[in-house]
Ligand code: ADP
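The data below hold one chain only, encoded as structure tokens and taken in the form predicted alone.
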């Protein structure tokens, strides 16, 4: 089968979040299963830094807008691990400092940038290889599904191609004035309540949901959650209408990068059957945070996160006094919303010697934190999938999580009687529930035999891409059969 991914991010070329990790790993796993996979990404400034030489496969594609044309080229990114990469080049739209916007807000012409990207991919595949299925991701490439079933609906080359849309986070949407419909040269009959119109705006993600053959999201629990007003971000109604075509597939992780047996960033390697290196990693982590005097009996908690409202740090602020009354230290790494950057800095100033915060992102330090901490804290209000809890289990770092989305799907609660489970979960989104769950973890930490069993349970989990890739493979076959 031939599969084309169209996405706004992909490691190692351009990344702001987990979307890039998925688009970097899933195509390679599909290629190992014998499929022909191609990935299209905009030729951002960040991509140009990784692929500076523009080898054009297609030098110029005309993309019409309401009163003018844009011109895009297709840059050959070469083949890596069996996957062909192409980049859509349009310097006036993509040669910018950031992918989507600045601290002041998103770029005002994102409708044009990602509208062009979607049409450029459709035009490119007609010359470079028409797929059986397009796999598009989030709002940025949702318009490909819309164009495919409207403007390109009668194109004999494309009309039988299926589409799969993956929603990585329903909270990320865009809203444009009704006139954007004309600017993108879409038929006006697409701007209706059951298609693209959303509270008198044009909504790219809604269009993708309506026009894609199948919609997936990144965990089974999150697939149910986004059909509710609490987590659907006003799209719960349209998602409910597409419930029969909505699937949840838990993301995999790349154990080539995240495994303590061969992680190049950590002080010592270790595995479930030989945990000695974990102690060295803990010592190295504490040294990196200037906390070298912490006793062995004191559990080390870590947070590696984007600082955002979604991540549940309001619970942490409300429960800090009760949590930090316990014998523990908390190490935090992250960047994001200024409010939470200030919040963590303030907590650290109130609890010197117990809390250290580093504002920013440091990949090497993130690996050290996964390897060296005893407990990893993820109190997210919602979490479509989450990766850090999966990394943590692999490193014998026990997760304490809110039972939502992918966190609920991937972490099994510790059972002291059966000695099963991989972490601790709290169901109610309240400071009291967070404190109770963490206190339970701290009690079990004092029982070294139970704690080592808990660590080994987590380290034995397999969240590689093998199983998700086969689920996607079955889904692509289903979509292709529908369109045949």
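Positions refer to the first chain, counted from 1. No experiment lies behind these values; they were computed from the predicted model shown.
What comes next is about the form predicted in complex with adenosine-5'-diphosphate (ADP), which does not appear here.
Among 277, 73, 299, 334, the residue placing a heavy atom within 4.5 Å of adenosine-5'-diphosphate (ADP) in the model of the complex is 334.
For the options 363, 293, 102, 179, the one in contact with adenosine-5'-diphosphate (ADP) in the model of the complex, meaning a heavy atom within 4.5 Å, is 363.
Contact with adenosine-5'-diphosphate (ADP), judged by heavy atoms within 4.5 Å in the model of the complex, is confined among 305-313, 349-357, 85-93, 198-206 to 305-313. Mapping the unseen interface onto this chain, residue 18 counts among the residues with a heavy atom inside 4.5 Å of adenosine-5'-diphosphate (ADP) in the model of the complex. Interface membership of residue 258, defined by any non-hydrogen atom within 4.5 Å of adenosine-5'-diphosphate (ADP) in the model of the complex, is confirmed. Residue contact check for residue 378: one or more of its heavy atoms lie within 4.5 Å of adenosine-5'-diphosphate (ADP) in the model of the complex.
When adenosine-5'-diphosphate (ADP) is considered in the model of the complex, residue 391 lines it closely, a heavy atom lying within 4.5 Å. Residues 383, 386, 387, 388, 391 of 382-408 are found to place at least one heavy atom within 4.5 Å of adenosine-5'-diphosphate (ADP) in the model of the complex.
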